[in-house]
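Here we start with a single chain on its own, the form predicted on its own, put down as structure tokens.
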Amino acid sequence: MPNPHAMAEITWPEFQAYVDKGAVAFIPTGALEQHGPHLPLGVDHMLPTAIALDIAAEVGGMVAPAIPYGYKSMTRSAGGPFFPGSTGLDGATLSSVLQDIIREFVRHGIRQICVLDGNYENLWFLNEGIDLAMRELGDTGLRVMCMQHWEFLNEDTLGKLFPDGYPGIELEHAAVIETSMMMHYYPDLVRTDLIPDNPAVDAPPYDVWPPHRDWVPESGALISAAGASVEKGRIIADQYRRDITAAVRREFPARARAAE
């Protein structure tokens, strides 16, 4: 059965009904890049899509197809260009793609948009695309919020995920957070027998060009993912559903309530 909150799975009259009731439109963004030997290349756009569908179900919103490509993989945060399949865009291209999608949504009558990102390197290029769209469109009543999902992880959740201490989001590439969430949302796509247990990457606090291959563990995971579990994925998903929903309702109060 089609998901009634997934834009790609509904008809144009059903899309128009979302517009007519002032529903929030979610645009998931991410990347296509390596996530170790145990996770698929699409993790960074698959996770925000799943999260957005959870939130859309709470607020009566609609989730657009994800932008599957992101800014170029950087060595210290995603393993860099050394892994087959990691396919990035120039920053200006990513900004332009988002700007175009926002323009089209506004043309259709959408006035509340939430960009939900899953790729660490994307944020400022997404902000640029939103800013360019807002300047181009002028006074249309458009409101846009932009977020990266891990920013919602609170101390209570992090304590449950990392009883020995949180290493920081910069190292959490293909590690406990992403692996646990994939176990929760897409269990059939996690190669549990290949989950890596390598030590943390030990790179200096700067980047160089050409990048150094020896800064990246052979597995592609920047720190051990061995502590991942389905239960941890559920804990994250439950907190996101509660707190991201609250943020959307706070920024779009009248529309989000009316659309439920």
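What you see is a predicted model; the values in this text were computed from it and never measured. All residue numbers refer to positions in the sequence shown, first residue = 1.
Only in words, not in the display: the form predicted together with another copy of the chain, which the text now covers.
Can you work out whether residue 57 and another copy of the chain are in contact in the predicted complex, taking contact to mean some heavy atom pair no more than 4.5 Å apart?
Flag for residue 57 set to no.
Indicate whether another copy of the chain has at least one heavy atom within 4.5 Å of a heavy atom of residue 86 in the predicted complex.
Residue 86: yes, in contact with another copy of the chain in the predicted complex.
At the 4.5 Å heavy atom threshold, is residue 218 in contact with another copy of the chain in the predicted complex?
Residue 218: contacts another copy of the chain in the predicted complex.
Decide whether residue 121 counts as a contact residue for another copy of the chain in the predicted complex under a heavy atom distance cut-off of 4.5 Å.
Output for residue 121 is yes: heavy atoms within 4.5 Å of another copy of the chain.
Site test, 30, 181 and 202 vs another copy of the chain in the predicted complex, non-hydrogen atom cutoff 4.5 Å:
Result no, not one residue of the spot touches another copy of the chain.
Using a 4.5 Å cut-off on heavy atoms, which residues of 37 to 62 contact another copy of the chain in the predicted complex?
In sequence order, 37, 38, 39, 40, 41, 42, 45, 46 come within 4.5 Å of the partner.
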